[in-house]
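Take a look at this single chain, the form predicted alone, given in structure tokens.
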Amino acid sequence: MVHFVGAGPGAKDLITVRGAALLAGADMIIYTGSLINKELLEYAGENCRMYDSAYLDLDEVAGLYRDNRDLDIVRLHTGDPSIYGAIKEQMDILDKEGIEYEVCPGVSSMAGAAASLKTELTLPGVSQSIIISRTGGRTKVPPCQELSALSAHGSTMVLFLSAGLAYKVRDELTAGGYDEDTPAAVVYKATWDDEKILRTTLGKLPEEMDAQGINKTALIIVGNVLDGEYELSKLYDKDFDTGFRTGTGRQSTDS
């Protein structure tokens, strides 16, 4: 059995309880060594065999699955494996080989970054949507999903895999409608011991990232939820009825 496990955003204790238990019971761990906190490997048993996938291509990873099909294997991915996790291509191989697998979700680096920023990514009257995306690099983005097109929504933008393309990020977002004064934040290695937080504006984003030496392993967040006025939630409004509380008004709430 192969277990795809989300390692969480970085901190050793932000892996799920299930994920830690799977690491402890694994016969073999294949981990994304270029991205995960290696302290997570301390959960592994004494006789567990470990392979760093940073040095392996897809065929070599597939060979490990194929040659060890009777073992419990943990494939440890950063964050949550469903977001830019490159697990679909591995699952297709496992299906073809007749090897069973399951997915254990993890805490996304998006959640880790928001926690480090002490911010809420959805605020009433400001943004009720989050767009998770990236700017195109070696992996192309479909034309209708370029940042300039997505910018029309004016929602909270969370950008993965884009720290090395900050100038392109600024150009695309401003071309699409974001003002250069729009608040922006960069969280480098969210929840790690050497985490770094940069708060700026979209217009100054690339230059300030250059000044801080941030060009990888970082999330870029853009939107007015980072700095601005907002409406209070209806969930706790004294004038609104809920399924648990009678308000002074007679309106129901969706929160």
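Residue numbers run from 1 along the displayed sequence. None of these values were measured; they are calculated from a predicted model.
Beyond what is shown, the protein has a form predicted together with a small molecule; the following relates to that form.
- Using a 4.5 angstroms threshold between heavy atoms, Ile83 counts as touching the small molecule in the predicted complex.
- At the 4.5 Å threshold, heavy atoms of Leu41 stay clear of the small molecule in the predicted complex, well away from it.
- Contact check for Tyr65: every heavy atom lies farther than 4.5 Å from the small molecule in the predicted complex.
- Put simply, Ser109 is close to the small molecule in the predicted complex: some heavy atom of it is within 4.5 Å.
- Taking a 4.5 Å heavy atom cutoff to the small molecule in the predicted complex, the contact residue among Leu219, Leu205, Ile29, Val222 is Leu219.
- Of the residues Leu198, Leu35, Cys48, Leu226, just one reaches the small molecule in the predicted complex with a heavy atom at 4.5 Å or closer; this is Leu35.
- Residues with any non-hydrogen atom within 4.5 angstroms of the small molecule in the predicted complex fall in just one of 135 to 143, 72 to 80, 169 to 177, 92 to 100: 72 to 80.
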